[in-house]
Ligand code: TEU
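Single chain ahead, by itself, as structure tokens, in the form predicted alone.
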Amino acid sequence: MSAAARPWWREAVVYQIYMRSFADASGDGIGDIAGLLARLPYLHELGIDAIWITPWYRSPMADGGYDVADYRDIDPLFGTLADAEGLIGACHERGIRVIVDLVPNHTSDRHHWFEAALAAEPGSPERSRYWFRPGRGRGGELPPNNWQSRFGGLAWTQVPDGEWYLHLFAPEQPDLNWANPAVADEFDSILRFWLDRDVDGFRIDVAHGLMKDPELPDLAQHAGAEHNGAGSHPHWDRDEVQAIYQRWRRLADRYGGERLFVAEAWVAGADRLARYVASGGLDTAFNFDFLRCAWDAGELRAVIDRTLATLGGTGAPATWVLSNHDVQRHITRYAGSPADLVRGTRRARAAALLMLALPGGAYIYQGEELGLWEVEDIPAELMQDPRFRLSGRTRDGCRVPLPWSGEVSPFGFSPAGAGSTPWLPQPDAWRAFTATSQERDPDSMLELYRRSLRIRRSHPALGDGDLEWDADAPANVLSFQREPGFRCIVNLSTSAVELPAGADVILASAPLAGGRLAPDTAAWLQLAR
């Protein structure tokens, strides 16, 4: 397929916007649409192809917007529907596509459907949109089964009339019953609403969780895993879910313009992931095996090979990702034990060049281009993640508002003189990691991302395509070529390695010493013709 004929999303670099923490224009300490609009020049200069915006819909914010009360309106914290439409237009004017987050597994408990269900009788049509069931035990005092919430505790909450409702996440997020045709019809309407406003695609939250075994059987062994075999789990990654996405594909295709569906699907390996991007279904799926992989040459190569081989059979491209709003930032993951953020940063710089050199597309989580790490000392009283309340674990450490400029918090996140406090506290050490300070530093993480994205966009070997591993690479070194004339080398060993003779260094993640690549360093090379 020629470059001109390839859909844009096959090699796009997408930047994830966690709206609450990106940029605050109103001065209330919470990011908003106007703040994002003001920072579009920054994103354009960074060189990304699209943005993915986490839920901006009307919500009580029990789970940062992933508890949606109205899918067709914008929460006042962020702005208005007119603001959203204006942002989509402004992005398109700059050549930036817009992907919005779709949350189809559950609604908010404040959604009018769920409020109607609570007001209705057991067995009513209103309750059939969700998973209401009588309890077990002599008086129905026990939950219908032993399923556990991903956030901790039971996945069931009892209502005053004695029935229980299912929530695989927080109690404020009741699961929808996708066996009910009304649910499918409603989401068709929601998709059309945003496609009519010219969004370029959808990221599907919990794409692997929509269908449940109608018998709601007990889990014989539940250890928090999101899969237990090919299609056999009663509520994760069931085969029936693919019919939903085939229906969505047909709907989106009527709009033209290469609309993207990308799945958040935590499943048991590449074979199961491939089902989500098979012909007639979704376009791409996040590669969480790559995200979760240790900093180890053998393990990384195995994940890359397995991903490319499996997805190659479907015709879909790989989608690489290092961090997002649900996982520990990768600088901290790579820091090792005992934690060494210098080591973590060195590895993160190399990982960025590895990811952006691989065939397919890539996602960048806001702040990784600034070299931000996980904030692990947020006081308990300031935690807002519902997972912290239910299990003591938190995702807030990767969601801290970005530092844009200045020497003290809020570091330009909110307007000067607003007097507001960011919704999560920023570390004082981030004064050296603001976007403004890094723009003046040619060796900064920000400049590394800008340069790598410029090269990636212009080099004919990068983006979609294939790779070939170098058979003569030293032990614990990843080295591969992509045609025409490109080589990526990542040194995961403990010793410096020689670069091949006659090759020109296009970009390196750290300075070279006498033509040698230091440990935890990557280089892009142009090979002699």
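Residue numbers here begin at 1 and follow the sequence given. Quick caveat: nothing in here was measured; it's all calculated off a predicted structure.
Heads up, the form predicted in complex with this ligand isn't pictured, but that's what we're talking about next.
The stretch among 139-147, 395-403, 442-450, 69-77 whose residues place heavy atoms within 4.5 Å of this ligand in the model of the complex is 395-403.
For the chain shown alone, residue 175 is not a contact residue for this ligand in the model of the complex, no non-hydrogen atom being within 4.5 angstroms. For residue 238, no non-hydrogen atom is located within 4.5 Å of this ligand in the model of the complex, even though that partner is not displayed. None of the heavy atoms of residue 167 is located within 4.5 Å of this ligand in the model of the complex. Mapping the unseen interface onto this chain, residue 261 falls outside it, with no heavy atom inside 4.5 Å of this ligand in the model of the complex. Note on the partner interface in the model of the complex: the residue among 247, 325, 343, 301 having a heavy atom within 4.5 angstroms of this ligand is 325. For the options 270, 335, 206, 155, the residue carrying a heavy atom within 4.5 angstroms of this ligand in the model of the complex is 206.
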